[in-house]
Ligand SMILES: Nc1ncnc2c1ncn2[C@@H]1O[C@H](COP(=O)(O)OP(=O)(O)OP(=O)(O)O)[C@@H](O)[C@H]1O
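One chain comes next, on its own, written out as structure tokens in the form predicted alone.
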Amino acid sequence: MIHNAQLIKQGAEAKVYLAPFCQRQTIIKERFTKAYRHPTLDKKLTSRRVVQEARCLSRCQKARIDTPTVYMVDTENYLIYMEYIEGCSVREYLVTPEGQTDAAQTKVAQEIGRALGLMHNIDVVHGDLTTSNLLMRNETGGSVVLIDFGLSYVSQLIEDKAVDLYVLERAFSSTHPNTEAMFEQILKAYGESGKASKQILKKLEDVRMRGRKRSMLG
């Protein structure tokens, strides 16, 4: 048990705690072991996943993309200690009166698109882009922070980056009605900041078509 920890979130892959560490409030993410796997294999795969998540976060930090700072990685206990971000998720923000104004949505969309473009420039694929995994810092004019890199990986493939965008588009359409214009603004900002954005946005059209076909067949 992590000392003085408060469980704040539990997902399919990990538990997230808030706890004091080095005299500051810190997020501690603990990945689950998988009981169905052989213990030796499970230890190896879970440790590798922890390291991969921490490396993707550090890679983003070096590229000046706003992500939580990693303080410590404990591969023996499958823990990542990282910066606690004070703020609310984009999902929460978009249901506030301010978050429903055109000006606010344009600003947030530009921040999201720029951050995703920079992330894909360094070949980091998030793997789970939703409005719950985008935070807005509390500071005045606070930036959008990308969080929860538990499914992230490094890839140069145009397809992987297009699928990343498609996952976010599906999250917007299912969670936030009438935000089509906002998502188009995200793609516009993405196109202005991504090195291979033209090819990725073109591939996104293909991914959308496949998604529609699956929906019709399902």
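Keep in mind that this is a model prediction, so the values were computed, not measured. All residue numbers are counted from 1 along the displayed sequence.
Beyond the structure shown, there is the form predicted in complex with the named molecule, which is absent from this document and is the topic of what follows.
Residues 85, 128 and 135 are all found to lie within 4.5 Å of the named molecule in the model of the complex, as judged by heavy atom distances. When the named molecule is considered in the model of the complex, residue 20 lies well away from it, no heavy atom lying within 4.5 Å. In the model of the complex, none of the heavy atoms of residue 210 sits within 4.5 Å of a heavy atom of the named molecule. At the 4.5 Å threshold, heavy atoms of residue 31 reach the named molecule in the model of the complex. The named molecule is not drawn, but in the model of the complex it has a heavy atom within 4.5 Å of residue 148. Listed residues 195, 24, 9, 202 were compared with the named molecule in the model of the complex; 9 is the one with a heavy atom within 4.5 Å.
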